[in-house]
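Just the one chain here, laid out as structure tokens, in the form predicted alone.
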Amino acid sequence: MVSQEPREDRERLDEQVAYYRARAPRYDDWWLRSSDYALDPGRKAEWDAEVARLETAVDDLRPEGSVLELACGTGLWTRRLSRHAEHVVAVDSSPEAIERNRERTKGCVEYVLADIFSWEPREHYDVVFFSFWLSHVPPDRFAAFWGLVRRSLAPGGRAIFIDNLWGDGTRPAAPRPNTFEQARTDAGNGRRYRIVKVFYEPGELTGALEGLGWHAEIGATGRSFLLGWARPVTPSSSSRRGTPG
């Protein structure tokens, strides 16, 4: 649990929460590449094909047993997790996103409304899953966040995660930014928000996790998404190997 955090840090994170609360009704448009997020036909076909590969890869990782989903959002992945898991606990700081998630999953999930940076698990899970969330964790909270993931896992458990790649062709061509703050104006209310957004490359993220005592297997599904899994390194698990699909 983070305590006595700098005021500016807390304000930035609160602004990020406000952004995703406001954007909840429009979030699915981004994933479906509809409305304001529409792509040209060729890029849309490429996007849809990569989304299909990502969904298949998650299915192949078989997130079974008890699953904790952090930053569950509107349920695009919660519904998929519930097909595999015996029980899903989904955590998010946005009541608007949770309401849409609940409609999508038809009440088969346990929901927790909480700030992930101050929340602590009350039980252990076979899988901790998070999609498009790690990039919103400030670099100075990276180690603490993975400490939370470790505390949430049952012995032998693993984390499965998805996120954006920088050079996915949906933003102007430019070098990958070394800053971790962006201004967003697409929440639908005309307001400008500051959010945290860190773009990782698979090898870079693998090395960072190894430095924290995890064994990670991370790959790319194409040019839009990275997908990986990680387990805490223990004497019994350090020799296990696999691929994220």
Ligand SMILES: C[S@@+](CC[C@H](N)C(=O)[O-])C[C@H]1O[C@@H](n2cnc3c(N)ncnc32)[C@H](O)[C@@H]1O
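Bear in mind that the values here come from a model prediction, so they are computed numbers and not experimental data. Numbers for residues come from their place in the sequence shown, where the first is 1.
The protein also exists as the form predicted in complex with the named molecule; that form is not presented, and the subsequent description refers to it.
Chemist: Which one, Phe132, Tyr111, Trp166, Phe145, lies within 4.5 Å of the named molecule in the predicted complex by heavy atoms?
Modeler: None of the others qualify; the residue that does is Phe132.
Chemist: Can you pick out, from Asp140, Glu123, Glu86, Asp115, the residue that has a heavy atom within 4.5 Å of the named molecule in the predicted complex?
Modeler: After the contact test, the surviving option is Asp115.
Chemist: Is Leu76 close enough to the named molecule in the predicted complex to count, meaning some heavy atom within 4.5 Å?
Modeler: The answer is yes: Leu76 has a heavy atom within 4.5 Å of the named molecule.
Chemist: Give a yes or no for Val233: in the predicted complex, does one of its heavy atoms lie within 4.5 Å of a heavy atom belonging to the named molecule?
Modeler: Looking in the predicted complex, residue contacts with the named molecule do not include Val233, since no heavy atom lies within 4.5 Å.
Chemist: Do Tyr20 and the named molecule share at least one heavy atom pair within 4.5 Å in the predicted complex?
Modeler: Taking the distances in the predicted complex, the answer for Tyr20 is yes, it comes within 4.5 Å of the named molecule.
Chemist: Quick check on Arg158: any heavy atom within 4.5 Å of the named molecule in the predicted complex?
Modeler: It does not: once the named molecule is placed as it appears in the predicted complex, Arg158 has no heavy atom within 4.5 Å of it.
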